[in-house]
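What follows is a single chain, given as C-alpha cells, in the form predicted alone.
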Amino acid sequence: MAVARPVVLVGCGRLGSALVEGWLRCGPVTAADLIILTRSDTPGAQAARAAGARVNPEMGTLDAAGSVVLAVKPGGWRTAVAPLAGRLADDAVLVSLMAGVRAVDLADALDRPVARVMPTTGVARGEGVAAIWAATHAGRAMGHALFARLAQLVDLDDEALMDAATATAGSAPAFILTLVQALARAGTAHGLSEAAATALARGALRSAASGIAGEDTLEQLIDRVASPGGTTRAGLDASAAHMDAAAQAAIGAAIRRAGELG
C-alpha cells in the first residue's frame, strides 16, 4: 500500500539515494509521489527523475506533502530546512535520518511533528535495519509507513538511545566489513594470495549472514560453527578480549561524534 500523500526527500547522497532505490524497488513511495530537493544531481536523483519523480520543482509543490525526510549532513541541516519554513502542510511530519540532531531542535525550526529514523543503506534492497523514535503517534506511524517495507524496525522508547542505535546499526556495517577486511589481510599474511583471501573472507561473511534471519540467537549461530576444542573455538578464545575492546572503542567513538554533530 502506497503512502497516500507526496513525500519530500531533502538530500540525495549515499543514504538518500539508497532510500530512493528502496522505495522504487519495494514501495511504499511511488516515483510520481516523490519530490527530491538536492543541491547535487546525484545518480540517485537522476534515476528517480527518470522514473518520474520531481527533482527540485517549484517550492509551491511542497504544500501537498504528508512527510519530509531529511537526509542531509547534520552540520548543514538548518540551511537545508530554511526554505521549507511556511511551505508545509500543518500535519506534515518531519522524518530525520540525521545523527545527533535532536527532535526538539527540528520541531522548533519547522513546528511539525518529528520522527527520528536511523536506517542502514541496506534499505536500497529492502534488507535494512532501522531504529525509530518519535514523541507522537503521528511521527511514529509515518516512520513505520515509510520504512516498514525496507527494513527491520526497532522502536526505541527514549530519544537519548538514538546515538547508541546509530552506532550499533547505522555505522556497524562498516565496522563489520572492516573486520572482514582484516581477516582477509590475516589470511594473506599466512600464505594465501590476496585474491583468494579476499574471496574467502567475503564468502565467510555471506555464510554468516545466511542464518541471521532465523530464530537462533547469536550465541546459537556461533556455536553452530565453533565446535568445542576445535580450530574456530581456538580463534574465538584468542580474539575475544580484543574483539570486545575494538567494538567498545568503535561504538563509543561513534556515539561521541554523534553528540558533537548535534
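Position 1 is the first residue in the sequence shown; the rest follow in order. This is a predicted model, so every value here is computed, not measured.
As for the form predicted in complex with a small molecule, it is not shown, yet the points below apply to it.
- By the criterion of a heavy atom within 4.5 Å, L37 is counted among the residues contacting the small molecule in the predicted complex.
- Among heavy atoms of T42, some come within 4.5 Å of the small molecule in the predicted complex.
- In the predicted complex, the small molecule sits within 4.5 Å of a heavy atom of T121.
- The closest heavy atom approach of V72 to the small molecule in the predicted complex falls within 4.5 Å.
- Contact with the small molecule in the predicted complex, defined as a heavy atom within 4.5 Å, holds for exactly one of M162, M142, M98, V114, namely M98.
- Only one listed stretch (184-192, 103-111, 72-80, 149-157) carries heavy atoms within 4.5 Å of the small molecule in the predicted complex, and that stretch is 72-80.
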